Structures are given as structure tokens and as C-alpha cells.
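Have a look below at one chain only, the form predicted alone, in C-alpha cells format.
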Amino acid sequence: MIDMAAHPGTRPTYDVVVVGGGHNGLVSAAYLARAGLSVLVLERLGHTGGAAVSATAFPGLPTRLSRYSYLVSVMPEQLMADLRLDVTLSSRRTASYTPTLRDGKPGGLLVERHERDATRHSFLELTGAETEYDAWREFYADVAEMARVVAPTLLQPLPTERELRERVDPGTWRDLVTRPLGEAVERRFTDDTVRGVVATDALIGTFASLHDPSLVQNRCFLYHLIGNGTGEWRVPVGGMGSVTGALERAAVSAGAEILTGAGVSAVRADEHGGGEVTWTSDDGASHSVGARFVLANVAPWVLQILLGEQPEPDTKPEGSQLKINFLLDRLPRLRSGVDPAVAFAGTLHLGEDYSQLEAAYADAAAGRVPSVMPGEVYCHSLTDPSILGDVPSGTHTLTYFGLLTPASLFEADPEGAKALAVERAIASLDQHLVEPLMSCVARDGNGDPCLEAKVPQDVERDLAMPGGHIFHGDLDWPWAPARARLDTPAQQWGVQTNRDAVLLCGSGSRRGGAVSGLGGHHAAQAILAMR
């Protein structure tokens, strides 16, 4: 008897073939294999994980960075328990710190993870009154109420919009769902910095004004605040690779087969169910396998191409982010005097005053790299020093995530625009530091600064995400609209395509954005309901 686990892809047909070995594909494979189905996962790269990987990015140094995705919030704890994932998620000591310069005087807004007197005092010192902190607490209490309603539905078939709307305060529903988020931010807060700190969650990987009538910014905001009913973003101990490593082990131990170095070139679906997947292996040989169901852990735009369709060029997603990974010899000191171990332990906001966000959007919409770059900085090694490896004492990772940098900014002059964006990102931090950031950056084994920058084009090249869009396209509301058809299991779980035997299982499914596993879970549940 042939050991299929040792020779993946050797069966003539499988119950399920998963195209793409990112975290959602592994979630699907684990659930379906545990249910007794034969499953084959095909991954183009030489490893699984997709964007949720850890890597040694700097030659000669052992530190393993979460190279693309870097925090976990939306993945339900129940999903992790279902698959018995051996993953530890650690809370950050600080929620956020925002350095400020007002009339030349350095200061800052500190928000503790569990807000206490230091947070209230920080608001009072920045704004001069108690009212802004009271407004902050009221707003996030309203958000938390909605999160507690929405989060439990994420592992269930799609609820309807009406079902959820009836359980949420009408004012909160208006502020978060029916009107542009900027209206609520401007009505409920008066301080420019406080407004910006609230608004930034609406712009992660999303190019929009806070007043965009499409409400894509509202949808992005909601996903960033509903995870497990708390919205807390935690650090995976060992880096993002620990999450996908645990998922791969869960899938394989359940009997799923995983084949890396397998670039899928075509998906064919029969009219009466079933399909065939063709891939090319590293040696250039072409292979095909039959499947009752094909799960697409690729962007819907890519799936159209694999199905032999020709998607319209103007429908291609466009990513909007600048990711810079650093390794530092030491944490830099801030002009405000705050302890760097406190300031960098959570999310450090830069150039994200509300007025700066809107000015940056206007710059980028006009085709210019924003003159003041909005972005956020994270130091994961303060929460999880295990990722550092054997390095000198004081060494730390630093990750910068820039907003409002759509792929179009880098098309005409990719290297020049990228260098300018990196320069302005560093400048946004330097203005708040006692010492320039680059004086703290370590050198790799070749003597080069430990700095790695990625714009949307790099993400597309590395991960085959069209347009470098980290969500595979604009996020949808995590519920079914009023006139949605919910006749089939695939429709009920939000994973349908125009082919019955082909389902979405990645970030492009209705509730699939971020490192959540939801797309994988939902596709698996739809198949189990149809088998």
C-alpha cells in the first residue's frame, strides 16, 4: 500500500482539493480531514503559510520576523480549540501610544491595555479637559456592545442584516454601519489626535477617506474591533509562523496531504459537479487530479483566471500599505520622556492625527506619496523575546505599517517612490526621537542596515495577492444583505462562486479578511453540509 502522506498528490481523485496553502486553506484541510474526507492542499511556494509566516529576513542573524501578517485578533478561540492548536497568544502591555508635538512641546497620548488612571491623566494632559476621555469610553463601550453581538455569529451561517440590526442600539448601528465613519468621529470627538487614533482602524490595508460613501472604511473598522468580542490584537508567541505551523500539523495529523512547490495553473469545474485541478511542479512537469470539490484559497480575481475567465482589468484589487521590518540594536528614546518599553509595547501611532489622515488621503488620491506619512509601529519582541534568537542584549524588532499608500503610487517609479515612502516613514518617527532611528538599526552579516520594506507590488510578487491587497479585495459586512440568496450551504456560509463545485475558502470569502481562519472554516462547513 502506498503511504499517501509520504507521496501527496498521487491519488487520481480526492474529495477536496485546496488551491493555496495559506492559513485558511490549512483550516479547511484540517476540518475536512478530521471529518474523514480525502484532502489535498496544493501550494505554489516551497512552504505553507502564505502571508502568515515567520522568516529570518536579515543575513547572518537568527531573528525570525512575522514578515507580512503580524498580529491575531479575529481568529475565534473556538476555532483554535476545535483544531487543538498549540499556539499561545500574548497580550501587549500597552494598547497604544501616540507621540505629539504641540507648539514645539513634545508629549503623548497613552492608552493602557486595561485603562486606569494613567490613561485618564494622559487624555487630560493632552486635551485639557475630562470630556474627551469620557467620549472615548462611551464610544468604545458602544463598539464593544456591537462586537459582542457580531462575534458569536462568525462561526455560524451568515446572519441577516436585519437579525443583527435589531440587536444593536440604533445610534451605534448608524455610526458604524449606515453613515460614513468620519461623521461619528467628528461628532463624538473634538481633539485632532484623539480623532485620528480612533479613525486609523478604518484604514488598515484600505485606501479610503473617512467620508467615503462606499463605507469600505466602516467595514474595515468593524473587522478590526470585533475579534472574539473584545477586539484585542495579540502577539503569537514564536511569530506568525507558529500559527500556520500548528495549522499544518493539525491538517496533516488528521490525514490531509500537502504538496508544496505546486503552482496551480487551471481549475475546471463540471456542470454537474466535480472538477479537476492542474498544477506544475518544481521540475516543470504538469499534473492533474480530480476532485468532488475545489476550495480556492486564492483571491477571487485570481480564481477567475484559473477558471479560464478573463476578469476586467479595472476590477483588479489594489492594496494600500507600506510594511517595513527593522532589527534594532536598542530601542530609541522619545523626546516626550516616556519609557520606550512602554511606548513601543503596543501600537505607536505616527502622523495619524485626523487632519493628517485626510491630508494623506488627498495626497495619495492625487498620485503623490503623502508628505506626512501616517503609520503605526510595533515592537513584538517586547511581548515575545523568543523570536530574537541568540542576539546581543537590548536587540529588538520593530515593524512599521504605513497607511494610505495605494499600489498606484509605486507604478511609474517603483524604486524611487518606495525609497521616498520609506524616507518619510522614518522621518515621521524621527521627529519624536532624541536620536535618529537609523542610528539604532542593527547591521546584518553583510554589514547592511537591517531594514526590509514591502509595498503592494512586493506583496503581489511574493504572495500572488492581486494588487498586493492583503484582504484579497475590499472587505464585506459580516452578514447577509437583505436580498441575498441563501438557498445553498455555500451561499449560507458566504463562500459561493458561479461554479457549484468550486468554493472560496480564503480572505475573499464574505467574512474571510485578516488572519482569522474564518474563510477556511466556512468553506469546510459548507462542504460538510453538502456531502
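Start at 1 with the first residue shown and count on from there. Given the structure is predicted, the values throughout are model-derived calculations rather than measurements.
The discussion below concerns the form predicted together with a small molecule, not included here.
Taking non-hydrogen atoms only, residue 263 approaches the small molecule to within 4.5 angstroms in the predicted complex.
The closest non-hydrogen atom of residue 173 lies beyond 4.5 Å of the small molecule in the predicted complex. Heavy atoms of residue 31 never reach within 4.5 Å of the small molecule in the predicted complex, leaving it off the interface. The closest heavy atom approach of residue 70 to the small molecule in the predicted complex falls within 4.5 Å. For the candidate spot formed by 208, 320 and 350, no residue has a non-hydrogen atom within 4.5 angstroms of the small molecule in the predicted complex.
Scanning 42, 65, 502, 490 against the small molecule in the predicted complex with a 4.5 Å heavy atom cut-off leaves one residue, 42. In terms of contact with the small molecule in the predicted complex, the residue from 459, 250, 373, 220 that brings a heavy atom within 4.5 Å is 459. The stretch from 480-488, 466-474, 31-39, 56-64 that comes within 4.5 Å of the small molecule in the predicted complex, counting heavy atoms only, is 466-474.
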